[in-house]
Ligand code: BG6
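Next up is one chain by itself, shown in structure tokens, the form predicted alone.
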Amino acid sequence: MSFSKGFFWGGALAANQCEGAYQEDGKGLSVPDMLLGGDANTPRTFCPQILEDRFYPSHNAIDFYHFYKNDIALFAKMGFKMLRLSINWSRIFPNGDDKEPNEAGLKFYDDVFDECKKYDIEPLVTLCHYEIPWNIAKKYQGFYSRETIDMYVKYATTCFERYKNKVKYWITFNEINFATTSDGAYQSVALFSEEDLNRTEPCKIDELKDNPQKRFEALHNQFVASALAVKKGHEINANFMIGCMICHITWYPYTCNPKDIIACQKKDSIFNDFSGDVQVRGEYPEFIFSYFREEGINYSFITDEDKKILKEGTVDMYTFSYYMSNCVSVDPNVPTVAGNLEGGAENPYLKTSDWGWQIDPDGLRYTLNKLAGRYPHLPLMIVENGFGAKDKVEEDGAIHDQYRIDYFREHIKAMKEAVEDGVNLIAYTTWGPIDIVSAGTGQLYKRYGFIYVDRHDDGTGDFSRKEKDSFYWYKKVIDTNGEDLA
């Protein structure tokens, strides 16, 4: 067995990390617009008002807003069959609670989708990739408010109706399970404490206050909003394929100590399985209630009406990100490593990236088989997989990123093995096909793309694009439908 003839090869972007033009053509502020940039020595910070003479990565990003035709042409040159991108909510409804949408914002995405179709690139559109309007965070406490459900459904409906003949594949929320962690409060559900909203100076992201009770209520409201959007989308176009999106971190027990194994099972269930089960199966799994009781979380917010909505609004496909794996140990003294959203105990059998993320292509095969067993009736999409690295531009302008090619080669081999195992994998969109702002660090120095962008953490650069060695390697992979990985 090999990849299917219609397999979707491509790449993935997020509006807040690529578009820029943060207040152009009527766009309002979104939560990422309030995050200041970091660098190799400085962590990312937050302030509830825009400070003069400070660097905000999302304000200009890589200026995809003005370069989109050029960038999509480069993606087409690589042979992309699919481009995952997000619509910036505050470009459509600048404050979130506006009565009417912003026509200039709607027109921009019309143009982007038309450009994709020009090259037979299928758009895969994320409705909310952390781009929640800042006004919703300030005025409504993000998704903690039930009013935000209605605002989201109105926004989703507007997009579904506008692009019903241009977009078939949709994702409701990016990495929705991020809200199961304390760091997910601000980014995933736009929930800030009153103290944090009244700050006058920047603070580190990990200094933001967390309220688990409110955070899980906000996550529940996102589940409800997603289900209502799925129902509405199917009413507008019965051919829509609408998916969940999970940040899948594959967890292994650090040792064969049964306590490590139980701890790993719990971590995997809560972080990876809980949110997927709600959106795929339409109900809360039993294990989460045990966790709620342990953590003192009152789950009376799950009403009978909400249960009905969740059951009626299940997704058509399961999409997920995969970058690395981590280990779980009950021993607080084991060495640790960083990771996407969460780190863990260090796996002595794995190498790490420049940012300390463990490289584990075998874990991708394991994960695909696990998901195929858990949700056997759904097609799977890997919608984020990538390698952040320190790229060097040589004197002749070349960028020799063999390390990135090696990373992707091994992960695509693992995908192929999973397909041979019988996994129904239909798409692979790498993160990100062009250098963009890192969501976690705010850095441009941390580069993911097959295409280099001349933009730097001090705000300098002319935004010019340059093809890396990996550009031509990935083109060959797509041209041969994953057969030639040399």
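If you're wondering where the values come from, they're calculated on a predicted model, not measured in any experiment. Numbers for residues come from their place in the sequence shown, where the first is 1.
Form predicted in complex with ligand BG6: not shown, discussed below.
Under a 4.5 angstroms non-hydrogen atom cutoff, ligand BG6 in the model of the complex has G440 among its neighbouring residues. Not displayed here, ligand BG6 is approached by L341 to within 4.5 Å at the level of heavy atoms in the model of the complex. In the model of the complex, ligand BG6 sits within 4.5 Å of a heavy atom belonging to E175. By the criterion of a heavy atom within 4.5 Å, Y407 is excluded from the residues contacting ligand BG6 in the model of the complex. Partner contacts here mean any heavy atom within 4.5 Å of ligand BG6 in the model of the complex, and among 408-416, 122-130, 234-242, 103-111 they occur only in 122-130. Only one of the listed residues (F271, Y140, W357, Y163) places a non-hydrogen atom within 4.5 angstroms of ligand BG6 in the model of the complex, and that residue is W357. Just one of Y318, F93, Y152, Y323 comes within 4.5 Å of ligand BG6 in the model of the complex, counting any heavy atom, and that one is Y323. Using a 4.5 Å cut-off on any heavy atom, none of the residues of 192-207 reaches ligand BG6 in the model of the complex.
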